[in-house]
Ligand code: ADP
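In structure tokens, one chain follows: the form predicted on its own.
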Amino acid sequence: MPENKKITPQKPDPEEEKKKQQQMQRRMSFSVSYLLVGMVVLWLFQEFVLTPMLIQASEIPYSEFKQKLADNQIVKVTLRDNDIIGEMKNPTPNATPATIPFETIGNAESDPKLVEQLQSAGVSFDFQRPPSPIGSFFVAYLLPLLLLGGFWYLMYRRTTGGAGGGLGSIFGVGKSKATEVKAEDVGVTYKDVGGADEAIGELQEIIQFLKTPEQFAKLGGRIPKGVLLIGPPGTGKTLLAKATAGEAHVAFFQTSGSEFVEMFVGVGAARVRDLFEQARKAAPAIVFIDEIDAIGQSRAGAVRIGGNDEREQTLNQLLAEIDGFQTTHIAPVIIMAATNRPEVLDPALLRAGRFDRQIAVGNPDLTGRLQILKIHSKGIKLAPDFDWERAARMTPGFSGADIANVMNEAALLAARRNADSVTLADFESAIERVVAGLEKRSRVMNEDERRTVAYHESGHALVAELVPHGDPVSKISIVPRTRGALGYTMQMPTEDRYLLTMEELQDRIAVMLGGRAAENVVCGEISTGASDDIMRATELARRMVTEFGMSEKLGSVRYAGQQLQYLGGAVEDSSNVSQETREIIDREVQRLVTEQYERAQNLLREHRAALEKLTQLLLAKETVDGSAVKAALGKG
């Protein structure tokens, strides 16, 4: 005989029991609240919708009805079980309509002489059967109750089944808007990412944890819950996160920080809860929140007394979810986020245990740009002699998105001229189009304006060639562009630079002011064409004084406001700078700009013949390359 075994029942999980009790309480409170609200809605429906819809006539007393009947003011009536309805003459003479409806309480049984009086007055009358009580009950009570009951069922299902319940779940706005991509549908790997080798190297540990989490669990290691990708716009942070999911072959949830914030209070927190609930069910997975600064801005200095800020509630819920988010080796989930404004993020978001792994994704260097060019040229038919390295050198400071845009513009330009392939000239023209805009040959300038623009651009090019640290000139043009430029001088650096000396910055200011200097040297007067050059030169000189400490009078002290790390510019804050110091800063900026302006004029006066030669060549051809500058200077 088989041996009898005693089966010990499993003890219920206290956490599960607590969740069930909370769910039952939520269901009960919702049902009671809905019952009270439904009764009020039903009464309002009968009082203000159904009754006015059924009763469209003005009610008059029965005595007034008898008086109007005696005065021959009644036109016709309908005798019903408990009331009388009909039409009487409009008391206003010559008014429209001629008759108006009325209603009064009474019947023929309570007034036996009523029928005789109606016949004597010549009033048209008839009798109407009483309405069916079943129909009246259906319209007045059963139909509204059925509608309220059906709506209650839908809301009850959403309340008990939605993440977190509440109003956000009832109307569906509390559901996360994250796009879920199955592991087999990600379709992006690190082969599709270029110029981010350092970031990929740091993410290899994340991939290994998602693939073989038991290796880390065996040694007791704890993988970071959150990974924050920071860098300028267009550097491929979103693509890098998706490629990480593709390499690890896990599900990928993508959303944006702005999708959590709505006008309804509590919706953002409900969406955060729903997002993390979806990620737990789909584990192993990666949750990616793009532009997290939309909800993660610092709360420092935000004094709210009795306020109820939706963004702050969403951030608090996100922090709580990350803290309670158990990333186990059985069902690992990694939270990734991206931003180009790390300086505004709340410190609580960046502390250990949350987004404590920060990976910088910067603009690509020469090797990275070469990789990106080859990635984004797939599917584009390039000329056999297309110089990859020269194309990469022509795009210093470009992000991955910029390079992709330039490559696409090059293909469109080649297709517009019915070419068989994309050449390096098409790529260069695409750079000009992206930077300066389309050529606007329809704009006709008179000869004086063309001559001034030619001298202006020649001044830029010659000063760039004459200063010791100027970048080589690749092209000069006096063809107007759609972005407002009447001409341009394009320089192509020979290498990527990360540190600049004071002399190199001074050379750059001199090149910026070379166009204004040429106008003054040749024409003896200045025009409005140098406004953008002056703005950029002044901004660079002010940064040299206030940020880089390149002023002997002010020393190595920073006077500028907070510098935006990746978006450029600075938040001006002069509260800690005295009036005397601000005056010194203004004088130093003026000195730097004036010195380089005079220096540019002196260089052009020394090479006046080269300036005239290059200007005449520009007036004849409108567009020349950098070799024309060397030829004008006699450098061969």
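Not measured: the values here are computed from a predicted model. Start at 1 with the first residue shown and count on from there.
This protein has a second form, the form predicted in complex with adenosine-5'-diphosphate, left out of what is shown; the following refers to that one.
The listed set Val434, Met550, Ala401, Leu413 contains one residue whose heavy atoms approach adenosine-5'-diphosphate in the model of the complex to within 4.5 Å, identified as Ala401. Residue in contact with adenosine-5'-diphosphate in the model of the complex (any heavy atom within 4.5 Å), chosen from Thr395, Thr452, Thr235, Thr314: Thr235. Interface residue remark: Ala560 is not counted as part of the site for adenosine-5'-diphosphate in the model of the complex, having no heavy atom within 4.5 Å.
Contact check for His469: no non-hydrogen atom falls within 4.5 Å of adenosine-5'-diphosphate in the model of the complex.
Although the partner is absent here, Leu370 sits far enough away that none of its heavy atoms falls within 4.5 Å of adenosine-5'-diphosphate in the model of the complex. Shown alone here, Asp192 lies within 4.5 Å of adenosine-5'-diphosphate in the model of the complex, counting heavy atoms only.
With adenosine-5'-diphosphate left out of view, the stretch that reaches within 4.5 Å of it through heavy atoms in the model of the complex is, among 387 to 395, 459 to 467, 502 to 510, 372 to 380, 372 to 380.
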